[in-house]
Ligand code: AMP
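The chain below stands alone and is given in structure tokens; this is the form predicted on its own.
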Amino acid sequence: MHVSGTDPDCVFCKIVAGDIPAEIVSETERTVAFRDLNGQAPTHVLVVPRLHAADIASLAVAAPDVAAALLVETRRIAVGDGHEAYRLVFNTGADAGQSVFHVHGHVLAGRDLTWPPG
């Protein structure tokens, strides 16, 4: 389980630190939210903890209060963009499609979202 303050090689840690530009949607004491560069819906926002954790499972075990804050922020982002209905996706592991190993929730809304997702 990898949970730490930051990882100097992590692209999301660099966004959180302001070293890489991003379209920031919101910042809280525990989270940063920014628009996905390859959006899959009119609203496609990534919500990440300021704390570096490889995935949501690691974060939930090591810092459940931060995991809860992340979930609260995902809803606030969706509602703030005008959506009561939205999809929240956490990919955990490479086989599940995770490509950046800093936990991030995808908030998707603004179009019909079919099931299964793909």
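Just so it is clear, the model here is predicted, and its values are computed rather than measured. For every residue, the number given is its place in the sequence shown, counted from 1.
Beyond the structure shown, there is the form predicted together with this ligand, which is absent from this document and is the topic of what follows.
Of the candidate stretches 24-32, 38-46, 73-81, 56-64, only 38-46 contains residues with a heavy atom within 4.5 Å of this ligand in the model of the complex. By the criterion of a heavy atom within 4.5 Å, residue 11 is counted among the residues contacting this ligand in the model of the complex. For residue 18, no non-hydrogen atom is located within 4.5 Å of this ligand in the model of the complex, even though that partner is not displayed. In sequence order, 97, 98, 99, 100, 104, 106 are the residues of 97-111 having a heavy atom within 4.5 Å of this ligand in the model of the complex; the partner itself is omitted from this view.
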